[in-house]
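Quick heads-up: the structure tokens below are two forms of one chain, split into structure 1 and structure 2.
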Structure 1
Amino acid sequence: MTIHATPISHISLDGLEIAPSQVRGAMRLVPLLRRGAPGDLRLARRNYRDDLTIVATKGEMFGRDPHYVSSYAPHGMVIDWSEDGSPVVSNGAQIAKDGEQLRGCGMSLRVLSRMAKREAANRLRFLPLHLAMEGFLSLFFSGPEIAWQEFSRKFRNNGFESRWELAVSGRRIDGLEEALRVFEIHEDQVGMLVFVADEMASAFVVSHPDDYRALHETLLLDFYGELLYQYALLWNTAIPLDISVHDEKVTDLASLRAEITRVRDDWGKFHGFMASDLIGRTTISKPVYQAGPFALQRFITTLDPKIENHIGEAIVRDDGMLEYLKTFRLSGAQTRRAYLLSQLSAHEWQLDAAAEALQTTRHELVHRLERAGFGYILNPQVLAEAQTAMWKKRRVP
């Protein structure tokens, strides 16, 4: 299959309206509205209730290619689309068999073929967020092309060992369940920006308001970064924000109405600003599947350890309209790990060149790699040298 979609360069909310937030405890939920959704792309949810989910990323279920393993895959998403723009009925969840289910020892295991798999002519199943996470984990996975001696023999031969990241289920985020329960869904709502203690946590957009209503509670089943788990425990209120009417502009009811409209718009603009580390930020993306006019892509924002960084997946219509979006916010440690690897990769895995680009020394870079959990990719001698150098440096007053 050839994918002819152009990778998206940034996430844009054009065509969506940001409505004022609804706050409950530390959770600030910002609805995204879309008027007149055409309905030619529909999403449905397929529930999995397995203790462990294994995805054969290359399609061969029990082959030797890398597999993606998750202890938490509560549901998959199924999209139905039409090529000619006519509305479709979403019935994708009604399929008897998806992958292989194995049972034993009181647990169940599901082995799926591919992250995104076509099931019928106009139907695709994919694992939300896992698609993005798998992309994140496999970044630079193959390792260097030139066998630099600084790296351990195992890494030179085989690339990375299994990589893993930790995430927390939405149920563990204190107050999220309550906030989603009392949230009042708008009539035209197709998405939501989730802020935890006014930190951007996640963005979720679907194509059609009816799908959103049905999938609203899946926000609770999604997984979130550990950072947000901690923020939810630390804070129990969001920052009180208020936008007021300018009294002097009001002379009659019509001008009062105009002022209220202005207040409403200002809320939207402000929330857009709050999410500006995701919306409009340059992203590196990779198309995964082309479904008629819709391209499923996964992306990562350009990594910058100083600000928020997100990974996610999106479906974009060929005219640039965002039809589906789900993001995961990386924690500081996750960003650092990916950032170091990206710098190494950018400099063809030469330690000295990468250190120079990072404005640091080779030993410092080795030290940072070790602290980030990548000690095993380095030659033990390089590690020892760096350790000695760091000791000496510390002893100098």
Structure 2
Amino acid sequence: MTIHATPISHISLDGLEIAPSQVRGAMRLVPLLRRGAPGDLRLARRNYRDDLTIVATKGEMFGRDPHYVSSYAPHGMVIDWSEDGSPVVSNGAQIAKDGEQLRGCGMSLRVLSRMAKREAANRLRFLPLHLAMEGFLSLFFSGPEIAWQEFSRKFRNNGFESRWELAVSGRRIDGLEEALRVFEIHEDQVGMLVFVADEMASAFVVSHPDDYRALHETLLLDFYGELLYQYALLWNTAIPLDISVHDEKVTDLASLRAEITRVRDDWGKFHGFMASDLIGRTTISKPVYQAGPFALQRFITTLDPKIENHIGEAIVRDDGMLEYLKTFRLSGAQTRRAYLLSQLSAHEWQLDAAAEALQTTRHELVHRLERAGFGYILNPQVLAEAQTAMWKKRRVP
């Protein structure tokens, strides 16, 4: 397989219309519409009902290469496409055998080969959100190329230990299930921006309105950051927003139509502004699979601990049109861990250089790494020196 796609530099909603939001409690759901979807890329869901899912990310299913393990993979996504632009029919996603299913000790286990796997000439299966999360967890996984003595011998020899992150199912987000059940799905709707207490939670886009209707409930099955779970518990309403028709400008049906169009445009611009830490933000992306004129990519927004940060996966047509999008908002702790590693990697894992870039001291950087759960990668002597220095600093009046 040859991947010729250029990594996406930002997420763009060009070609999509942002419709006015629907609000219930702390949930604000913003529909995304696409007029005249070409229909040459179709998505469908493949259900998994296993207690545990293991994905061989590189080599053989039961080999010694790295594996990705998840206790929550309710479904996969299957895409069918045509290469000449002709419409294709979504044939459903349950017709192919997918991985090995093992049973024992009262639980089921599914072992899959690769996050994205071609199943037929124009058919690809991948694990939504897990594709992005696996990429996030593997960032800087190999560690330094130079065996700096500041790091532990085990880390110098083997790199990082297994890394993991927590997330919660959409079913645990208070109010999300009810909002998805009662809100209207527009005729041309192909996606949704999800806000919890007016904090950006996720974005979901597919290529065709029929696919969106079939996949609407998967928003409930997706996993979300723990922070959003807390927001849904703490807040019972979204911030009241009001953009109204100017009565004085309405004199006939034509002027009323113009005012309604203006209101819809204003809502769209405002909701685009609310999502500006994702939409239009610079991303670091990696193409994963080339499917004819479509490229499946995973991405992470440039890390900034002071604002919200997202990871996700997207399918982009060769003319830049967004055909699929699913995102996960990182928590503050997840961002800080990735940010610290990114700074170390950017400075060739030299503690002093990374500390200078972060405008802090070497001991403070070691302390921050230890608090972030990376103490095991450091030489015990370096840790002890930092602990002593921080203790003396706290004792200074």
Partner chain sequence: MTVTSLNIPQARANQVAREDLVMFINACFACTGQREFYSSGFDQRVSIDFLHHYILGNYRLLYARTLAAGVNHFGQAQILVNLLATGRDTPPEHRAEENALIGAALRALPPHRAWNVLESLRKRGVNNRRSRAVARDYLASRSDPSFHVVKYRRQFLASAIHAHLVLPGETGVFLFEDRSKRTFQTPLLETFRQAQYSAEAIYKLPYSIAEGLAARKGLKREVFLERIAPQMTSHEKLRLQRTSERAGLDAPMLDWERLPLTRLALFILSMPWAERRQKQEQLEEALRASARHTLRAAPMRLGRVAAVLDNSYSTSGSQEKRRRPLAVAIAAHSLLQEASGTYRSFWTSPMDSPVMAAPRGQTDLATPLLDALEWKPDLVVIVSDGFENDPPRGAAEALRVFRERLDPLGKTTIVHCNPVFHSDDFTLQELSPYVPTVGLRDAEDLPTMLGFARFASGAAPLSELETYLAARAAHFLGAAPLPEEAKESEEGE
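Residue numbering: sequential along structure 1, first residue numbered 1. Here the structure is a predicted model, which means the values were calculated and not measured. Rigid core here is just the name for the largest C-alpha set that superposes within 1.5 Å across the two forms.
A.B. asks: Of structures 1 and 2, which is the form predicted alone?
C.D. replies: Answer 2, the form predicted alone.
A.B. asks: Compare the position of the CA of Ala254 between the two structures after a rigid core fit and state whether the shift reaches 2 Å.
C.D. replies: Shift of 2 Å or more: yes.
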